[in-house]
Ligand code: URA
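Taking the form predicted on its own, here's one chain by itself in structure tokens.
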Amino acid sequence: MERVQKVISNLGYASRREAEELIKNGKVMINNDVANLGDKVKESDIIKVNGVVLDRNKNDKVYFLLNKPRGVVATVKDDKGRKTVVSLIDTDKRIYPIGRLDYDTTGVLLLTNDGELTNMLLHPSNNIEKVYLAKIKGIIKGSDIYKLKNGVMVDNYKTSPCYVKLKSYNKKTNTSMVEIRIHEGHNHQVKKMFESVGYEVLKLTRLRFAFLDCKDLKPGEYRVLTPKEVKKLYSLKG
């Protein structure tokens, strides 16, 4: 027996967190009874989400790597009517992004209907590395790079030690290009880290998620992950 939110997530209907919200809002039924968080289900149990019976025999997993363009939100739906990353993928499966990138942030984004892999990759204990290139206002000081490397205070927590390297700078435009590699995934973390040492991020690109990059993809383009890549992602579990 498995918790109902895990079953919903693994079937690709929603992420684990979204499934929990559906349950809290009374949108999930188990054998015509309203489900509660923590309820476990058998193979024979009938699960309804928003009145739709889930087909538990249909569990086709799909995995996409997208080069996210600027001006697209990394969500399934947007109440402001903006274009979403899901709308860029040609599939009939209910997919969702693994984690989020800001509206104006570009680069590597994974989308799937595999709830188990999503939860594994996002869990802090697995220390999945994310590599970013930030264009910041100002010529960054060596002392500030040192602070970032050793952790800074953001939203009442101290970030973990990380790799930070100045890639280039331009005195005419008064900007710096800085590579930063983090294993956490807090909201707006990279931007807030630079802000904490006095720099505004003008442009942010995620270069790599784990071992995956999108060098061969133009903004807005995507490709399907290979079975070997999916297997390698699963092997990252700590």
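What you see is a predicted model; the values in this text were computed from it and never measured. All residue numbers refer to positions in the sequence shown, first residue = 1.
In what follows, reference is made to the form predicted in complex with the named molecule, a form of this protein that is not presented.
Undergrad: When the contact criterion is heavy atoms within 4.5 Å, does residue 101 count as touching the named molecule in the predicted complex?
TA: Output for residue 101 is yes: heavy atoms within 4.5 Å of the named molecule.
Undergrad: Can you check whether residue 96 is within 4.5 Å of the named molecule in the predicted complex, heavy atom basis?
TA: Result no; residue 96 lies far from the named molecule in the predicted complex.
Undergrad: Can you tell me whether residue 48 touches the named molecule? I mean in the predicted complex, with a 4.5 angstroms heavy atom cut-off.
TA: Residue 48 lies outside the contact set for the named molecule.
Undergrad: In the predicted complex, does residue 188 come within 4.5 Å of the named molecule, counting heavy atoms only?
TA: Residue 188: yes, in contact with the named molecule in the predicted complex.
Undergrad: Have a look at 204, 35, 178, 66 for me and say which one sits with a heavy atom within 4.5 Å of the named molecule in the predicted complex.
TA: Filtering the options by heavy-atom distance leaves 204.
Undergrad: Which is the contacting stretch out of 83 to 91, 155 to 163, 101 to 109, 135 to 143, given heavy atoms within 4.5 Å of the named molecule in the predicted complex?
TA: Among the candidates, contact is made by 101 to 109.
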